[in-house]
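Below sits a lone chain in structure tokens, taken as the form predicted alone.
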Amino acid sequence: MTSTPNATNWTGALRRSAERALPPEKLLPESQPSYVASWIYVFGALTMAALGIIIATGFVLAIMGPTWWHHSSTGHFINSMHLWSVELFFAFMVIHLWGKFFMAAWRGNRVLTWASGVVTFVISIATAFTGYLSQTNYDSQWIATQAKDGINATGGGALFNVLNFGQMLMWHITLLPLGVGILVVLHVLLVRHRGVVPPFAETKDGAK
């Protein structure tokens, strides 16, 4: 059965909605407004670059096992890259968030864009925390024992047992990274859909 422009099935409706929200020239633009040349707009891209290194090194660490970096010089190097890319990820993300906060980046119907970035930051903190708990060394043991009472006081210890290494490792390499990845993709698509927020001097968009 050949499809028609007026097809009423849900896949056709979904495709047309996606095409309206993100036409090719929006999804993959060839140029950006002149104000994007400012350094404050670079930190979002730097955050994603650091995230790419985190994912790549995390894959290697997951394949080789949770203790590989303790007895292998290559493992120690990969683990160090993973750690420092996380440090850069948070540094770039904090600068990006604060920059967008002072620019009121929710202007022009961009509330969901801003909110998705904030939620990504919160989930990233939990991901980094479970990463510290997965180090399999005395640091991770100390962090876990110090954190358990605070988490138990909230009632979260019934689900989130920081003394359970297996549980923390699985949260760190599956559920939380999946949440971060989905939100990052959503965030980028929202930026493409609404466009990059202009500075306040751009009165045309800033008046919205």
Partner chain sequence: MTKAPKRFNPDRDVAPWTGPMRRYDIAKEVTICFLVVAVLTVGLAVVFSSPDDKAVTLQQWASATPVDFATTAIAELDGTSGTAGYGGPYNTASPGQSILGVSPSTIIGVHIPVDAAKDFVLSPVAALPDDPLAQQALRSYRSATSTQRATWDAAYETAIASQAASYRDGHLVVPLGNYGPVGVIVNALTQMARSGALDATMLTEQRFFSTDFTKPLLFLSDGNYLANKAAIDHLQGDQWGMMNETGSWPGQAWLWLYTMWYQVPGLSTSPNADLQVWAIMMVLTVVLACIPLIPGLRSIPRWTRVYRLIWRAHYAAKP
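Residue numbers count along the first chain shown, from 1. Keep in mind the model is a prediction, meaning the values are calculated, not measured.
We do not show the form predicted together with the partner chain, though everything after this point is about it.
Using a 4.5 Å cutoff between non-hydrogen atoms, G179 does not count as a contact of the partner chain in the predicted bound form. Although the partner is absent here, W69 sits close enough that one of its heavy atoms falls within 4.5 Å of the partner chain in the predicted bound form. Among residues of the shown chain, A50 is one whose heavy atoms approach the partner chain to within 4.5 Å in the predicted bound form. The partner chain in the predicted bound form comes within 4.5 Å of a heavy atom belonging to S34. Annotation for 146-172: interface residues with the partner chain in the predicted bound form are Q146, K148, D149, G150, I151, N152, A153, T154, G155, G157, A158, N161, L163, N164, F165, G166 [heavy atom within 4.5 Å].
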